[in-house]
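Here's a solo chain for you in structure tokens, the form predicted alone.
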């Protein structure tokens, strides 16, 4: 059944009613529901799955938080809202400066709020460079804070806050804590229920939803309004092909089966604007181990195009823009190792006694890679990288043959991806129409909205759970304040 907008006049009767209806029970939805309930509202969550959690419960449990949280202070890092804001604006752009300013200013209190709901964070720090942790450390660097020029614009600090939990999905620990709070405080939930339409009254205010549950069509009334928190659209091949043509057939979506853009389509039916629909964060990291960052990444013409110490999503975005989306990681004997993230399937092309052999083996124009490596080595011996300003911690001349090349091409390795585009919202989480006006009775938060970072070049791990949880809270409070 297509997502659409129907008139209140066409609703025969309501099968249930609440002050606030929340569509989706992931991190944004659970936080919206909890805050709306605490503001005195009767809250009903409509969830397609048989239980709450969504993609958030499948995640690594990373929240991008900073400004001087208790974890940062316990680990000896002096962060501030201003430093966090300067970095985010420099790396992600100023289009949503009001959202970023609000998020940064209230980050410490938001962290405290998460802990007070039972979301656990260890006062420990992981010092290395990782994509996700299998340990329980509560803090790690997950973005481009140490990358040039950002490290000169704002004081770097680690801001990846990992919920304490074993394995690859600590996000389920955070979701379990939050859903338990909702249950304890009387938030109602309608599971196995798919919303097929929003309902609007004669003034255009969103006042309910139509849904399908157990083969029946039902109508739920929302006295105050509706929050859309239903996730992104990575699991919708048609929407992905239409909006993100850069993705190759080898790319694999991350998320739950219900991340099919249903909430975005609901918003569109009500006249909502969208933003950054082409935005994508893809990952097939070369690290760990961190020693591989000391190699160089080149395209099919033997030229470097990115600082190798970039966050893995930034590197992936630059690789996607290269001729034929081809890229190679070049290492020497001293730093040789196999990439540890096996799902990326970066293939070792071969080992070579010298760079001239490598050029021939990789079909790189004769002399091109030799020239690139010679220039790189001259600067690296001085602790410099005049092309991309790679941090000195990761600079090393590559001069100890034999050499090896890994194929890390965007269309040969296996890149996992999430979508970054979605509904346009303001700093109060109100959904905006194409003229920038709030749609009455409609808020949204989480991955169904346009992320603050609209490109993999500026994304940081935790930029979904962090803003999703915060602006989910804002959405719940906004509706209850109207």
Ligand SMILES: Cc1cc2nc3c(=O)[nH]c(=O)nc-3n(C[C@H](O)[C@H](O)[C@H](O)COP(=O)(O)OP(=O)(O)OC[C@H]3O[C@@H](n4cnc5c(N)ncnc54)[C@H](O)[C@@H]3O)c2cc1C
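Residue numbers count along the first chain shown, from 1. As the structure is a prediction and not an experimental result, all values here were calculated from the model.
Below, we refer to the form predicted together with this ligand, which is not included among the displayed structures.
Please determine, with the chain shown alone, which of 65-73, 50-58, 425-433, 36-44 has non-hydrogen atoms within 4.5 Å of this ligand in the predicted bound form.
Contact-bearing stretch, as computed: 50-58.
Does at least one non-hydrogen atom of residue 32 fall within 4.5 angstroms of this ligand in the predicted bound form?
Flag for residue 32 set to no.
Proximity of residue 157 to this ligand in the predicted bound form, heavy atoms at 4.5 Å:
Residue 157: no contact with this ligand in the predicted bound form.
Is the gap between residue 23 and this ligand in the predicted bound form 4.5 Å or less for some heavy atom pair?
Result yes; residue 23 sits at the interface with this ligand in the predicted bound form.
Does the 4.5 Å heavy atom contact test between residue 474 and this ligand in the predicted bound form come out positive?
It does not: once this ligand is placed as it appears in the predicted bound form, residue 474 has no heavy atom within 4.5 Å of it.
Judged by heavy atom distances of 4.5 Å or less, which residues of 203-229 approach this ligand in the predicted bound form?
Residue within 4.5 Å: 229, and no other.
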